[in-house]
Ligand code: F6R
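To begin, one chain is listed below as structure tokens, in the form predicted alone.
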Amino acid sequence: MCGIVGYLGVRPATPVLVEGLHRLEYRGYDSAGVAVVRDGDIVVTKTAGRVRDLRDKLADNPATVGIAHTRWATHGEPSDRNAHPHLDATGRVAVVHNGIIENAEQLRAQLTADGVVFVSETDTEVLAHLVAREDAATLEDAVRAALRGVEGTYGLVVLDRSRPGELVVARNGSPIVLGIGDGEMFIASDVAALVHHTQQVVFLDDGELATVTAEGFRTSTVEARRTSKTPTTVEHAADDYELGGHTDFMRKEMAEQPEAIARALRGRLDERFATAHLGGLGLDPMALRAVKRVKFLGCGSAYYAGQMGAALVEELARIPADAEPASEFRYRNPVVDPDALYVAVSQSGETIDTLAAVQELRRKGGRVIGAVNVVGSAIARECGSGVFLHAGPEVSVASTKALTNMTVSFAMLALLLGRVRDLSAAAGARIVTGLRALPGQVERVLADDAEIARIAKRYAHARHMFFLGRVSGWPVAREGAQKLKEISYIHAEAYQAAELKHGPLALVDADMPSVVIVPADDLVAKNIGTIEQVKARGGPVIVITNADLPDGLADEVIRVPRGEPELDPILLTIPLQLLAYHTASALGRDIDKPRNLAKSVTVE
């Protein structure tokens, strides 16, 4: 992986391709390349580096068809020769590809035995040789025949210099989107690359191919059955993917959280009956009452949001609930409970582990809904029902507003489940009021930006940090540690506060700051005890709290507004975003594009 762009039309392809790659930079990558057809030859330009480096190497070219790619290394180090596009030995076929070909080594060995000489270490080059070897009537047939011997995931685009008026695309587990223009067509792995040109798009399904020309497209399955696709209008505009005066996208997206929460709540709260409306679930009150258990499945921050959601469901609906990494669920032959409601959580809606978990659940008859931020994404289509997050486009690799809207959406789900059971109208009204207050409360936390920046700068020298929390504070601590690790590169570990004395306390010293999450709940005294244990061993302490604590207890205190206790994790998470952001900024990190990471994880 990570970013794919293709173009066919009447204007020069290269500027369109490079602009598309630029709009996909947020996904994370290590190299970039472009291939266009000119005078009967495929001209390839690629580099290990940023899109701006590629742009500097490109010459003016009138070619009107081409493909482009930003690569996140899976097979072979980042280098010019491993960058996409890849050619076959004759230079007739060029391929860009996201995903992993799992039997690439076997295919490479077979091709090598037949005399093929490979020039890269990638699995993608295998695809170019396989397509070129097929003696087929059409490029589509050649791609279809080549894919029959391929195992793994792919979103790919194939260019053949002998057929310069068409591109063939295919999808299996890695997204491909077609953009429909006026006498021109666009291809991408993400709608972000398309919205500057068109808002009419078609999402390919797994096992589907498309032959694309400037005039349109036709789709079919790998088994050569024709399919019919209806274009979708995407709601996002090009401006949604611009910085808008902010220094980077993470800062912009943190600032957008009050508005994003308000969007997620709009039309979904019912004061009359003190409940929530989530029409996308497709579950009537009887079906909701039949739910005996809820399990959230996600990866990374989505998993931690699921943990917060599980706590909300247990508190408000009194239904057993838990969260599990989707990457583990899919491999452990899970027992699927027919009375359970499974919630698949993914910002992009394309996370491969979560998608595979959904497919396993559906295969075993499980009831699964999606919680995604991208309409038309694979998980949304696979589930068929769920909760749209309404966070708006999220560009920074580190999730902020999507994570917040996940938790807000889970609060509404918990409220809905509670109100069809034993949650009183008074308690429901209290939660509705608390949810309504969230946008303003988040604005107040964000207004503390300068003070949090000061604290972050004070501790940015640390090489290690602990994040500690109990019960509702535990997933908040995990999310805080994740944010700090992924954008500042400081090693951080999250622990349940009670576990600190069972081993980790040995690591505490003057160079090991601890960030302690202290909600205003029944465990304040316990959390004070944890802080005192850390301080007694010389460890600096930063407290995130809405509770009244003794003066001088901690080295630094970051306060958030006090709202409804069940919603505390939402507000307590916001300062941790700012703390990670300002720490990374103090260290000069590339905040939006942290090393080794990608926004949409479509490979294992």
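Numbers for residues come from their place in the sequence shown, where the first is 1. Bear in mind that the values here come from a model prediction, so they are computed numbers and not experimental data.
The following text describes the form predicted together with ligand F6R, which does not appear among the structures shown.
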query: Site test, T275, N405 and T407 vs ligand F6R in the predicted complex, non-hydrogen atom cutoff 4.5 Å; finding: no
query: V397: touches ligand F6R in the predicted complex, heavy atom cutoff 4.5 angstroms; finding: yes
query: Residue contact check: A104 to ligand F6R in the predicted complex, 4.5 Å heavy atom; finding: no
query: Ligand F6R contact at K483 in the predicted complex, heavy atom, 4.5 Å; finding: yes
query: Ligand F6R contact at N82 in the predicted complex, heavy atom, 4.5 Å; finding: no
query: One residue of Q307, S348, T122, N527 in contact with ligand F6R, assessed in the predicted complex (non-hydrogen atom, 4.5 angstroms); finding: S348
query: Among the candidates G418, G300, P513, P393, the residue which, in the predicted complex, approaches ligand F6R to within 4.5 Å (heavy atoms); finding: G300
query: One stretch from 129 to 137, 447 to 455, 357 to 365, 292 to 300 that, in the predicted complex, holds residues within 4.5 Å of ligand F6R by heavy atom; finding: 292 to 300
